[in-house]
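Single chain ahead, by itself, as structure tokens, in the form predicted on its own.
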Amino acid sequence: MVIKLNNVSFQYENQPETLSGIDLEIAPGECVLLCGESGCGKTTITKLINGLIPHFVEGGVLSGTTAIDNINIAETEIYRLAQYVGSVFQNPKSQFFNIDADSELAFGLENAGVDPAMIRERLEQTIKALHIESLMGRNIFSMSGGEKQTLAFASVYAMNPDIFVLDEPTANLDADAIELLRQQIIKAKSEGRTVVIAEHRLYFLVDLIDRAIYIENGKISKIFSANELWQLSESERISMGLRSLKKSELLIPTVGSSTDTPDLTVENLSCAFDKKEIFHSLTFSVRSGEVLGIVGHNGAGKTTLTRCLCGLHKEKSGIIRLDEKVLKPKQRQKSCFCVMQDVNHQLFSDSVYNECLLSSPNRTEEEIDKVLQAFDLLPFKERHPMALSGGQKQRLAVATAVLSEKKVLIFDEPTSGLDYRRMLEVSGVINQLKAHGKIIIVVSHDFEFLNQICDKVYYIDK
């Protein structure tokens, strides 16, 4: 099916125009990358293709037409569009409706009224085609981030759509999970499906995409063939705000012995959920003015570790010391600030400015404005946090951490959904915090980012 956007412009309610005069045609079976800096309009284009705009986004101003073949998306019911277009979002949890994998895989087909015998046949085909036997019969909440993303893709694949729309699908995935997603896209493409993917991580798309659409300030600025994209010079890539075109290797030493007295020590730490051990006997230390990276596969327990360190999850055993004093969970809550992997869980206020004030009531407006300026958020000072793009929300959460004045700052995937320039901004701020003597722990799969900020790394294995 041909996807065609004809002179499309869109403006979210009470916001500047997001897209302006978009003309784009995507042929059947093409794999097309939407790239550009955070907030440029990539996600908005995906919402136009899958029908979320205008059917679910209220109050926006839309002009121009978006169609697949001769079907005008704005004039077609969303349940009919779902027969042709399947979507995989950045956060797979936002598209789950069940608590077990088997039910989730069948959910879309059941809603479409497919005959039960056909559902069983389609599920068997999906499980075999995508090699997801290990996910069946499992509780979704017990899965790692990579497994959830795999299930989200599989639930869409089971619906047998002609078009796949993927929005930042690798934002929180480790290298193995990214490779699995790559193989899933290759499978869909080999079957003649059209794939539209909005992404900042680019290296895994080598030899996979047919074209790259570079979007700048809501307009299509350049269209590259696959070869033209991969042949960009480093200076060209950086000037466009694109992430590395090559897979990054971690170049930082692992945690070792030190003669200096550490300020934060973790000794033989173990954590469990519902009596199931997540990790055990973790031991490491961090000094003031030092950045420790925590790395490991999806599901190894990295996020659980961050929650334990900041007092949101009680340890099964072990000791956490700050300045040689053993801290209980409530004491850790007062000393640590954590930027969560899903920042939607920690944005509470009705404006960007008030969100900053909530985390730092004693800060002056001038101080808050200075931090917002550093993260390119000052123009959005009065905007509701939930009206920001994913990358802007991420930067706002990091800004609140900077303003909090707590000694221990913990960042869980702080560059999720960020372009190259915004990644450098976060790197620069973390290096400033380091210079001010903060204790900083960063959980990330983003080796390009970790290489710029970390003094050492600690590996957690399953």
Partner chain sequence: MKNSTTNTMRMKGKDLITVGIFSAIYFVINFAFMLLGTIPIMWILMPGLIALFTGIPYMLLAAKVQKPGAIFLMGLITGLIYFITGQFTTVILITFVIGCGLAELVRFLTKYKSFMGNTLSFACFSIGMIGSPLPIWLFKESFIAQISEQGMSADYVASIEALSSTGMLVLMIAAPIVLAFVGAFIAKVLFKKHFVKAGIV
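Predicted model only: the values in this text are computed from it and were never measured. Definition used throughout: the rigid core is the maximal C-alpha set that superposes within 1.5 Å between two forms. Positions refer to the first chain, counted from 1.
The form predicted together with the partner chain is left out here; the points below concern that form.
Residues within 4.5 angstroms of the partner chain in the model of the complex, judged by any non-hydrogen atom, belong to 382 to 390 and to none of the other stretches in 190 to 198, 368 to 376, 382 to 390, 223 to 231. Proximity to the partner chain in the model of the complex, taken as a non-hydrogen atom within 4.5 angstroms, holds for one residue of Ser349, Ser248, Ser270, Ser144, which is Ser349. The contact with the partner chain in the model of the complex, taken as any heavy atom within 4.5 Å, belongs to Val57 out of Leu433, Ala67, Val32, Val57. The partner chain in the model of the complex is approached by Leu62, whose closest heavy atom lies within 4.5 angstroms of it.
Residues of 88 to 120 that come within 4.5 Å of the partner chain in the model of the complex, judged by any heavy atom, reduce to Phe97 alone. Glu104 is not among the residues whose C-alpha shifts by 2 Å or more between this form and the one not shown once the rigid core is aligned; its shift stays under 2 Å.
After superposition on the rigid core, displacement of the C-alpha of Tyr353 between this form and the one not shown amounts to 2 Å or more. The Cα position of Phe380 differs by 2 Å or more between this form and the one not shown after fitting on the rigid core.
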